[in-house]
Ligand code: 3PG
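Form predicted on its own, single chain, as structure tokens, below.
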Amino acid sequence: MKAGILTLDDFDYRGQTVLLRVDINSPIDQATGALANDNRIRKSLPTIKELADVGARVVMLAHQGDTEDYQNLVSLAPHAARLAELLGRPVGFIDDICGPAAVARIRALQPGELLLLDNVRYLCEEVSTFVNYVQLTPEQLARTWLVRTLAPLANCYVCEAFAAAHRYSPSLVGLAEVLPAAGGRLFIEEFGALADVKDNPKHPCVYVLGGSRIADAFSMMKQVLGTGAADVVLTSGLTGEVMLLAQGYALGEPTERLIGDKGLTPFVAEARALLATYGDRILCPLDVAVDAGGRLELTVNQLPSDHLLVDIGQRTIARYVEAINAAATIFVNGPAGRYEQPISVLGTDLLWHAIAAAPGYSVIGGGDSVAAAARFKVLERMGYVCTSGGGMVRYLSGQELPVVSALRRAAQRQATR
């Protein structure tokens, strides 16, 4: 048991039917329908292989896309094919989740066989709109159709989906309420890595926060600065731009319109409050790059600009690299600019290379951050690469993760048997 959660070491899975919830939600090439990245699939392989090798009948549940991400709400058939290729063994697939066909296939499984059910988000019980508006209790989730149908076919449940640990759905929480349940190898590893950053980081600890999801950045900043987990926060991207607005800088009509159109203006007041309390520990851009038909760098005192801000400037990069090199722990979430475009790649490129080369232990998470590290070929040099985005952000923001709570309840039930 680790952190109150049972692990694979706490059960004997030989000959057992295991419902394994993985997170293999992957970017899709919209032109071809092919998987554009298989990082999460690869991360799930050790637990899948371990269970199959001991003779478990492994039934995998997974999601792809959502109602809020409809273009990626597609079949898991390509994922099954990729799993089979990477594992070097057959992976069955059925375009059903908990209907009669899926039930029949599960009952027919032999020891060591693998079966991937289709996208759980084809069920209304699993999509975000249902989860957000219906708001079932754990006991009610345990009585949903998916759980009522699949749980009686299995001996135990394993969750390998830390990336979805913030979700409150039947396949993540409901199954753990009615079956003996454990965290998979990746789940326990990822939870432990983030717990070290949140609760016991080596100091000085630096958080590098950028990107466009500034609600995530602000929720993390308030928590880690308030608890002392972070000594310094380096801001860039839209997060840095909102910080500049809070400091009283006018950015210019194009950038301020973009911030308004994205509904981010209310964060200016929150940024002002954070700066008032933790101003000496929040580093904001000293200069920026704008798109003036080419990259043009301006100091913040030269703002506002008639051109859109697209990146941090070289003075800011140098200051941030100095903080990164002095850090014992570095947490990274969100690029400094649009790293896919030549005009705005410099900040992310140089910061990511600095993080990879820094002597401190680095933890990087979030889809764009990981994709940028892969693009710059520094992914393997990062200390730990998280598969999670939402789960990571909520955990580091001090919020409860429903799946962690469900697995802990399952461990407590197991202890009393």
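This one's a predicted model, so the numbers in the text were calculated from it and none came from an experiment. We number the residues from 1 along the sequence you see.
Unshown form predicted in complex with ligand 3PG; subsequent notes refer to it.
Colleague: Ligand 3PG isn't shown here, but in the model of the complex which of D66, D349, D38, D368 has a heavy atom within 4.5 Å of it?
Modeller: The residue in contact is D66.
Colleague: So in the model of the complex, does any heavy atom of M221 sit within 4.5 Å of ligand 3PG?
Modeller: No.
Colleague: Can you tell me whether L114 touches ligand 3PG? I mean in the model of the complex, with a 4.5 angstroms heavy atom cut-off.
Modeller: Answer no; every heavy atom of L114 is more than 4.5 Å from ligand 3PG in the model of the complex.
Colleague: Quick one: is A163 in contact with ligand 3PG in the model of the complex, heavy atoms, 4.5 Å cut-off?
Modeller: Answer yes; at least one heavy atom of A163 falls within 4.5 Å of ligand 3PG in the model of the complex.
Colleague: May I ask you to check whether K198 falls inside a 4.5 Å heavy atom distance of ligand 3PG in the model of the complex?
Modeller: Looking in the model of the complex, residue contacts with ligand 3PG do not include K198, since no heavy atom lies within 4.5 Å.
Colleague: Would you point out which of 165-173, 277-285, 152-160, 80-88 contains residues with a non-hydrogen atom within 4.5 Å of ligand 3PG in the model of the complex?
Modeller: Heavy atoms within 4.5 Å of ligand 3PG in the model of the complex occur in 165-173.
Colleague: For the heavy atom contacts within 4.5 Å of ligand 3PG in the model of the complex, list the residues of 1-32 involved, in sequence order.
Modeller: In sequence order, D23, N25 come within 4.5 Å of the partner.
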